[in-house]
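A lone chain, given as structure tokens: the form predicted alone.
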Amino acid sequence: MKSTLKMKVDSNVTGFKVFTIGQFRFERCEYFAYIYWPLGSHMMPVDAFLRATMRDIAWGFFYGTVNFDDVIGTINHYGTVDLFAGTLNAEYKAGGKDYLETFPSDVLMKLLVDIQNDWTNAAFDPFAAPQETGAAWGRKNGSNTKAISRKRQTAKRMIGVPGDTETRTDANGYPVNRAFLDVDQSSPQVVEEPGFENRIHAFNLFAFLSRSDVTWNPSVVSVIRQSLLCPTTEEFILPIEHGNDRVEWFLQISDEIFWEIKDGKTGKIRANVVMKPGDVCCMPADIRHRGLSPKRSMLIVWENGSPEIMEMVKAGTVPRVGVEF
């Protein structure tokens, strides 16, 4: 079946490479990314494509499904990853246009990293809010390796205790973000009872998050057994629709986020949720969600990092909701 897109990008003119993996092909022009597969094709604004694939890279394909939009995305099987087109779109399924291939995780990861390296122009930072970066448009113009090679800050215990990672401070180059200039930067005072010296610790989470130079990319600030506390700062639109393969909890700690909730398999709208400071919600494991944050906000994502869950996902026995009454 011929591609539904008549245009073919002239890479000699744009300067961008063409990438293939399996039966998928990726091209870009000045404004759009084009994805081709044996049964059809799709186009996305290139900035949206780069923001989405950047999160897939940074999260290591994350838990479950990362929808780049309502057509293209990946599903993590922890060792292998599905690259799909239309698989989770009711209309594509009904029209027989859906397609899926499975690749070793490291092979697909290399492809996405190579695309980012070649397609991200020097002025564009796919991790940043729109006000904080230049445009992704235009022909090939350098690269931005520094931006796309950022590593998430991941504490092995809790920020500030021996064995964690470095904390965001002036000393290691993380200034307070423009949206959080009013955030108190003082550290909490800890007074231990005799016998508890060096066993009690506290840090200023608001100050930590106020220095985040990325959006929609959770850090890990504490690890207690299999419980991961992953706060993040959010501005503009979550670049992907995330379909988690396990329940996850959201705690809004500043400003507001508007969540679009869709059915995980069909993309049909199920709910719209507005979260304000102090609100807590449980995202089920059978939906996909995308957030819109008009002002840079702070959100805590509470994840279950249990390795047993990966086996339960494969077996189809993982709980879909937080609690059943």
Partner chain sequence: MSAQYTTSFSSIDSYEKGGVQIIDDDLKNFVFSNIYEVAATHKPYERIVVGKNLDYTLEAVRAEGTSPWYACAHDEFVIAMDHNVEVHFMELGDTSKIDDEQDGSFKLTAQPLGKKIGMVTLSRGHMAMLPEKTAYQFRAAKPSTLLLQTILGQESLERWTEICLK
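Because the structure is a prediction, the values reported are computed rather than measured. Positions refer to the first chain, counted from 1.
Unshown form predicted in complex with its partner chain; subsequent notes refer to it.
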Legend entry - Touches its partner chain in the model of the complex: Met298 (any heavy atom, 4.5 Å): yes
Legend entry - Glu311: touches its partner chain in the model of the complex, heavy atom cutoff 4.5 angstroms: no
Inset, instruction - Verify the contact flag for Leu39: yes if a non-hydrogen atom of it lies within 4.5 Å of a non-hydrogen atom of its partner chain in the model of the complex, no if not. - result: no
Inset, instruction - Indicate whether its partner chain has at least one heavy atom within 4.5 Å of a heavy atom of Asp279 in the model of the complex. - result: yes
Legend entry - Segment assignment from 194-202, 77-85, 236-244, 143-151: heavy atom within 4.5 Å of its partner chain in the model of the complex: 194-202
Inset, instruction - Assess the spot marked by Phe62, Thr133 and Arg139: is its partner chain within 4.5 Å of a heavy atom from every one of these residues in the model of the complex? - result: no
Inset, instruction - Using heavy atoms only and a 4.5 Å cut-off, determine which of Leu111, Ala90, Ile253, Ala123 is in contact with its partner chain in the model of the complex. - result: Ile253
Inset, instruction - Could you check which residue among Ile115, Ile72, Val221, Val214 gets a heavy atom within 4.5 Å of its partner chain in the model of the complex? - result: Val221
Legend entry - Sequence-ordered residues of 177-214 touching its partner chain in the model of the complex, heavy atom within 4.5 Å: Arg178, Ala179, Phe180, Asp182, Val183, Asp184, Ser186, Ser187, Pro188, Gln189, Val190, Val191, Glu192, Glu193, Phe196, Arg199, Ile200, His201, Ala202, Phe203, Asn204, Leu205, Phe206
